[in-house]
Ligand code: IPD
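Only one chain is given next, in structure tokens, and it is the form predicted alone.
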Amino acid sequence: MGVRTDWLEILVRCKDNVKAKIRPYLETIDAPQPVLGTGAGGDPMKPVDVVAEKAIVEILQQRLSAFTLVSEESGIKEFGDNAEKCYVVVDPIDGTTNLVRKLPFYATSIAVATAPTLSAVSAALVADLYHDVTYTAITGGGAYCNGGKIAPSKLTSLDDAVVGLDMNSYQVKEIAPRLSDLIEKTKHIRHFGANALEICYVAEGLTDAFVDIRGKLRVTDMAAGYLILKEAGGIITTPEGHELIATLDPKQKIKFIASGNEQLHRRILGLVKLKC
């Protein structure tokens, strides 16, 4: 996998290449954006998604002799010999709908793992492509935003907490009753439309928690944010409070609750109904 500092350099180079390659598409974003089929994760692919993935792969092929790409767009692809020793999990554009609608909240998310499991993620980058803000983490090295170390919120009161809540689902009639107690107790609920960044906002203490129990989010969306939050000192578990266990596969769906601290996390877990 190489020297630790090499991974940060490689990931930042991937991010910079994405920004450069999507710039022409941003300049013509008002034009109709064709759908280029369905990605491996199940969402429609826009040209900007494909270009962003190619930009990442271009840097990876320049810097690595072998790796397995796990992408929301093209699925699982092996490059070089012994590709199983290195997994690069990519959501080239998290928040494509925001980007296409010119809403200023979308990101590139890249995670590196030594095995095809979420627990094996050892390096991560999530880059806010609009505001030029980059979150990074290496296992055991803490989490950073634009080079400065970050830590999550210590706030424990839901009266004051800002909680991200994703209810974007056709099954909202089933999900909403499970969250009604949490919604009732929380005064400040937000959802911005790019979950990788929303997890990083918890890691930085900009928000206090983020809840997604839909079973719709793919592991490719949150693998990088998962490590960044944990390295920052935050907590992320299943809605039952268990450790997250997931295969690094674009079809793998995941439910989670992410919080800045243990006390707030327990409070949220107690308010989320497991069944209705």
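Bear in mind that the values here come from a model prediction, so they are computed numbers and not experimental data. Numbering starts at 1 and runs along the sequence shown.
Below: the form predicted together with the ligand, not depicted.
- The ligand is not shown here, but in the model of the complex it comes within 4.5 Å of a heavy atom of Gly95.
- Of the heavy atoms in Leu244, none are within 4.5 Å of the ligand in the model of the complex.
- Proximity of Gly205 to the ligand in the model of the complex: non-hydrogen atoms within 4.5 Å are absent; the residue sits far from the partner.
- The ligand in the model of the complex is not approached by Val50, whose heavy atoms all lie more than 4.5 angstroms from it.
- In summary, the region of this chain contacting the ligand in the model of the complex, judged by heavy atoms within 4.5 Å and restricted to 247-255, 223-231, 208-216, 52-60, corresponds to 208-216.
- Asn168 is the sole member of Asn82, Ser119, Asn168, Ser157 with a non-hydrogen atom within 4.5 Å of the ligand in the model of the complex.
- Taking the ligand as it sits in the model of the complex, the stretch 98-119 never comes within 4.5 angstroms of it through any non-hydrogen atom.
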